[in-house]
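So this first bit is one chain, no partners, the form predicted alone, shown in structure tokens.
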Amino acid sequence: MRTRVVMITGCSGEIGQALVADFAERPGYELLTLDLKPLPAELEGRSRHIVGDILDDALLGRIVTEYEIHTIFHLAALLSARGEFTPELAHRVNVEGTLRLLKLAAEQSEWQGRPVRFIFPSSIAAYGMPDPATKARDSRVREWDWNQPQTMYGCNKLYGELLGAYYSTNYRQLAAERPVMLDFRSLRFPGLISAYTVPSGGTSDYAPEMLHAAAQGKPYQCFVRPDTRIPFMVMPDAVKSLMQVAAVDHGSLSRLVYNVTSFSLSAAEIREIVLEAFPDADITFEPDVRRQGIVDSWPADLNDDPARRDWDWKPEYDARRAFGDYLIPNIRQRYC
């Protein structure tokens, strides 16, 4: 008999590690995790972990013969910074990998006679503002505004959302007997900050990089201008939103894709917060033209009113709590 599981891809990444740790505290869940890397030592034993590639059809075939998949959190992705240097690889991982998982979920839905829930973290990178004047004018964007991404990662995420919508509503619609469709739900995240994982060079990582450098007494050159403003969220709220949207009844959802956010700060404001905690920190600004252009194309804030209305989304951490209660104490402890 096949084991009934919640499947998490990309489980060794920032969101994946936090999500696995959260599930480990909840009784009644059997986790199946998949990543190119082993789980970190502190998470070993908390799931049935497979080291493998989402592009490996033979592996996916073996998984469905051994497991009955109830919900999929599809986190595996090639992030924005690397994707700009290897766009073809980014397309294979972010689009073809997502397509394979969606097809698997649709077939599992039909076999089980009920929709498999497919949770897809998307990104602020799905937006593309044409210039700073437009960004200043349309400061709090809705899900359907400015869906003109300027990076391969953003294109991949936007297309992943559209693929999810297709498999939820139109896949095999001409079949004589309409199959049970998967239940696709996507969240567009702002810049995410974790206190427990080291920044990996993402385009929004200048905020955590400031903190980590300051806590180690190292100088830091911020790669965006001081006036650069985008929205952020700390990892506990990211996990909370994923668990919340995964649990809500389908009838409460008015959309397949939702914005979620917490607070919006400029790079200069983040620097001031860091200096309050680490007065000797050496933080200067040396904008990188390419990365500055990417961040300038992202909105200054996200309108997450539909999420707040439909499934009572509300972040636990505003800017004060995010830095004062979560980020600064834990990052300081890491290096002490």
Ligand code: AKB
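In case it trips you up, residue 1 is the first one in the sequence shown, and so on. Computed from a prediction, not measured in an experiment: that's the story for all the values here.
What follows is about the form predicted in complex with the named molecule, which we do not show.
Point to revise | Candidate stretches 134 to 142, 104 to 112, 85 to 93, 118 to 126 - the one whose heavy atoms come within 4.5 Å of the named molecule in the model of the complex | key: In the other structure, the partner sits against 118 to 126.
Review point. Does the named molecule come within 4.5 Å of any heavy atom of Y153 in the model of the complex?
Key: The answer is yes: Y153 has a heavy atom within 4.5 Å of the named molecule.
Review point. S241 near the named molecule in the model of the complex, any heavy atom under 4.5 Å?
Key: So S241 does not count as contacting the named molecule.
Review point. Can you check whether L79 is within 4.5 Å of the named molecule in the model of the complex, heavy atom basis?
Key: Heavy-atom contact with the named molecule at 4.5 Å: present for L79.
Practice item. Using the partner position in the model of the complex, report whether S204 sits within 4.5 Å of the named molecule, counting heavy atoms only. Key: Within the cut-off, so yes.
Check your understanding: Using a 4.5 Å cut-off on heavy atoms, what residues in 281 to 311 are near the named molecule in the model of the complex?
Key -> If the 4.5 Å heavy-atom criterion is applied to the named molecule in the model of the complex, 281 to 311 yields only W298.
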